[in-house]
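Quick setup: one chain, the form predicted on its own, written in structure tokens, and binding and motion questions come after.
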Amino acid sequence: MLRADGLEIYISQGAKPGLGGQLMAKKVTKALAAARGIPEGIDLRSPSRHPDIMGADDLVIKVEEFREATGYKKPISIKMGAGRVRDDIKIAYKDGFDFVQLDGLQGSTGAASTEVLKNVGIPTLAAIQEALDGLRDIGAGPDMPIVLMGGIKDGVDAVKALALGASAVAMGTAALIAGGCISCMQCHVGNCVVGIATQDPEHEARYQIDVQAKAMARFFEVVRWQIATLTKALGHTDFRQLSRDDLVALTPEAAAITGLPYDPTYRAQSDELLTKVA
């Protein structure tokens, strides 16, 4: 922990909030088994809760334990899938986390059942709004930084999230695809054909680290330029100046969720521009 830049208490992810995980026996190698303290080559099923965190009171104790262990020098965050966001964000604030990593429904995983992946959780747009509403309920306002994730795929999505009220965004699937993932959604079987989601030496050898690292670097550089371009186009000199005043809702549903002004004329203008480009 002392070598880390920060600590995260991982509660759940947006693709399967409130549920545990599983790792098939083939992926439980000798090294992983030693790290987890279990026999090698058996299915590993992670529980849907931490046995020593049964509620908000236990959670605040755990945060304090981590702060003492790191000399009060490391930021401590909590990652949670979007479920009961309005209530959960209040607990996170009152328990003293430095920031929250909020993962919406679009957050992906190759190891969740289709029933859960498609039907459980709250979409990212609604999640950020519920989080902001929850903080407003207790007068916290911007005191709790939110890192929004779940389907953020490019600089355009990042600017929208920042303007809505997120302090930062995180990208998982988009970065993996930039680094060679073909999104076959079979991460759990251990036979990743490109060598990412596997512990098999033969499959791992297929991954060209230097090549894919450069590809990911180019992707994030493009994202950076997209954010800079849109920020300047909106009349700002710093992305931290982005606000809800820079946004409108293009559908009645988005307007109802976010409270943004509904202005479908922007969609018509966008469609007209795309038609001209085509």
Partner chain sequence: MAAACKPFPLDLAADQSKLPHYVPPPCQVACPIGTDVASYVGLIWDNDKAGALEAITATNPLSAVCGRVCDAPCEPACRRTKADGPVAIRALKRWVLDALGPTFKLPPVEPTKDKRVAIIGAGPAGLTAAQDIALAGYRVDLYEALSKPGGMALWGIPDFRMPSSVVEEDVNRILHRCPGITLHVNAPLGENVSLAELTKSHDAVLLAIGASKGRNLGVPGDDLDGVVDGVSFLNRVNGGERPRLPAHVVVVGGGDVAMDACRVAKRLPGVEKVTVVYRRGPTEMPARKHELDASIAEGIEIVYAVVPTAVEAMPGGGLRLKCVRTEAGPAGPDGRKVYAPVAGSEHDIACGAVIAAVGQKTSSLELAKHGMMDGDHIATRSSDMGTRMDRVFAAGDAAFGPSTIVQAMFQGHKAAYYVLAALEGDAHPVPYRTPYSTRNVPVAQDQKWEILGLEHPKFLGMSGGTFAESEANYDDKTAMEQAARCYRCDTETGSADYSVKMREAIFDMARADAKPADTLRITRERVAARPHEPRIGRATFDDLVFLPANLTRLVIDPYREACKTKTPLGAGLELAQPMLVAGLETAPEAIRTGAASAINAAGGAHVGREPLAGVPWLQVVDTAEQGRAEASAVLVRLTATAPLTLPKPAREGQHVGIVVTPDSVERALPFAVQSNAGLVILDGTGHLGKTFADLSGAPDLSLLRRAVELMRSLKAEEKFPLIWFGGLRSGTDLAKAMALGCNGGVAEVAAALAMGGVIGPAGMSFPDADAAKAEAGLAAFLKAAVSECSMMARCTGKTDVHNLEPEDLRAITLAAEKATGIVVAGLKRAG
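Bear in mind the structure is a predicted one, so any value in this text is a computation, not a measurement. Residue numbers count along the first chain shown, from 1.
There is another form of the same protein, the form predicted in complex with its partner chain; it is not shown, and what comes next is about it.
Visitor: Taking any heavy atom pair closer than or equal to 4.5 Å as contact, tell me whether residue 24 reaches its partner chain in the predicted bound form.
Guide: Because no heavy atom of residue 24 falls inside 4.5 Å of its partner chain in the predicted bound form, the answer is no.
Visitor: Within 4.5 Å, heavy atoms only: does residue 122 come near its partner chain in the predicted bound form?
Guide: Yes - in the predicted bound form, heavy atoms of residue 122 and its partner chain come within 4.5 Å of each other.
Visitor: Hey, in the predicted bound form, is residue 65 touching its partner chain, heavy atoms inside 4.5 Å?
Guide: Residue 65: no contact with its partner chain in the predicted bound form.
Visitor: Would you classify residue 223 as touching its partner chain in the predicted bound form, given a 4.5 Å non-hydrogen atom cut-off?
Guide: So residue 223 counts as contacting its partner chain.
Visitor: By the heavy atom within 4.5 Å rule, which residue out of 194, 147, 140, 76 makes contact with its partner chain in the predicted bound form?
Guide: When its partner chain is considered in the predicted bound form, the option within 4.5 Å is 194.
Visitor: Scan 244 to 260 and write down, in order along the chain, each residue with a heavy atom lying within 4.5 Å of its partner chain in the predicted bound form.
Guide: Residues within 4.5 Å: 250, 251, 252, 253, 256, 257, 258, 259.
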